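Just the one chain here, the form predicted alone, laid out as structure tokens.
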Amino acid sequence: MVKGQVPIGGRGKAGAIRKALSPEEALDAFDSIAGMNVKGHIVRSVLIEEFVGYDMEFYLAMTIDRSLGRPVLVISRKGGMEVESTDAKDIKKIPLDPFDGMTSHDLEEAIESLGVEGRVASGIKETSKRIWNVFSRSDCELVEINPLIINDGGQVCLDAKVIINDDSLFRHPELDLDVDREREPFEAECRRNGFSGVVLGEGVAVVANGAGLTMSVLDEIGDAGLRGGAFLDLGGADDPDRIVKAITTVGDRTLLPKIEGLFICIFGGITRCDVVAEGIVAALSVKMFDVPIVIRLRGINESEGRMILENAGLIVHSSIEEACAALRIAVGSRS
């Protein structure tokens, strides 16, 4: 079996997993899979492993049910590529107490739902315990085995997926993960500099402070008939150098080649408006922008910040709606 390695499901249906019956077929499969784009992820490595036949297959996973606020064991007699289309009645979800973990009662409920016994039941119980250990000790959001197969040799994990909460990685140096490997270059650069950044596509880039404000600005941009292309959340930055770094990062065309405009929206709280203004002026003095820029500034030291920007020849807006209207006109005039 020749498997493209990407951090997303659906590889089989996308053609990134192929069976090879000879060395020549394996090479052909490798050539066709390496470099393939699977739902936006490029295959940069390929796993080659022995084909394994089976008598039974299962789906087995541990994840978080956000509605319950609890970890959930998810099991089904129907695994493999078609698991996403499996009827809900064929999938058993067992909520776990995060303090008690996987109990014998939980395991018995799982086995009863699968209708298995003997060595199959014992094997699934042991695997479920191990999944819980990995899930809880490594701050996981998902540990999935699909499929877990049963054959004459016992049980075999044919494929697996693990998602770890990025914010917990500082607790797990033993994992030695290259967390930037699958990130967009802009997102990797933001993370290296202590910002939160996300690429959305073609459209307007947003620099704001705070997740709530950032999302609100993106909503307003959409209501104004524009598209959000990327955003960078400054957080509580109160350092002109960080403001400069944030704005020049967004303005880097090698990182964001599809940006049509820049919306800088700051509410001065921890981040003072005059500090932001100094950073904006400094950034624009070292980086030439080839897209329209609008600025909305409110909060602590607003008048001082407004004066700094206006003295630099920049227009400052008081409301998000006003800034969006100005940006729509500026972007439209360029198309």
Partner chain sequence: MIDIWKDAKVIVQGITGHQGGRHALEMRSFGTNVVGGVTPGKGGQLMSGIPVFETVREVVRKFHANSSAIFVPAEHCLEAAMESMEAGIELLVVVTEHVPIHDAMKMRGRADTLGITLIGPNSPGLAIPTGLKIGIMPNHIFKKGNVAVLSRSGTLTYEIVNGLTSAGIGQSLVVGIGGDQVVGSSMASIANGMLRKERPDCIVLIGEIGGLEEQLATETIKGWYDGPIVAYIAGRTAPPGKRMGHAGAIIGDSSESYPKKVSSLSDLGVHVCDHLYDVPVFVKKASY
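Between two forms, the rigid core is defined as the largest C-alpha subset superposing within 1.5 Å. All figures in this text were calculated on a predicted structure; none of them were measured in a lab. Numbering follows the first chain given and starts at 1.
Although not depicted, the form predicted in complex with its partner chain is the subject of the following passage.
Listed residues Arg192, Arg253, Arg171, His105 were compared with its partner chain in the predicted complex; Arg171 is the one with a heavy atom within 4.5 Å. With the partner omitted from this view, the residue of Pro95, Pro185, Pro240, Gly210 that lies near its partner chain in the predicted complex is Gly210 [heavy atom within 4.5 Å]. Taken together, Met1, Asp90 and Cys157 are entirely out of contact with its partner chain in the predicted complex: none brings a heavy atom within 4.5 Å. Stretch-level contact check against its partner chain in the predicted complex with heavy atoms at 4.5 Å: of 254-262, 108-116, 214-222, 148-156, the positive one is 214-222. Heavy atoms of Ile320 reach within 4.5 Å of its partner chain in the predicted complex, making it an interface residue.
Although the partner is absent from this view, Thr248 stays clear of its partner chain in the predicted complex, with no non-hydrogen atom inside 4.5 angstroms. None of the heavy atoms of Pro292 is located within 4.5 Å of its partner chain in the predicted complex. Under a 4.5 angstroms non-hydrogen atom cutoff, its partner chain in the predicted complex lacks Ile124 among its neighbouring residues. Residues are counted as partner-facing when one of their heavy atoms sits within 4.5 Å of its partner chain in the predicted complex; in 55-74 these are Tyr59, Thr63, Ile64, Asp65, Arg66, Ser67, Leu68, Gly69, Arg70, Pro71, Val72, Val74, in sequence order. The Cα shift for Asn301 between this form and the one not shown, taken after rigid core superposition, is 2 angstroms or larger. With the core held fixed between this form and the one not shown, Ile270 has its Cα displaced by at least 2 Å.
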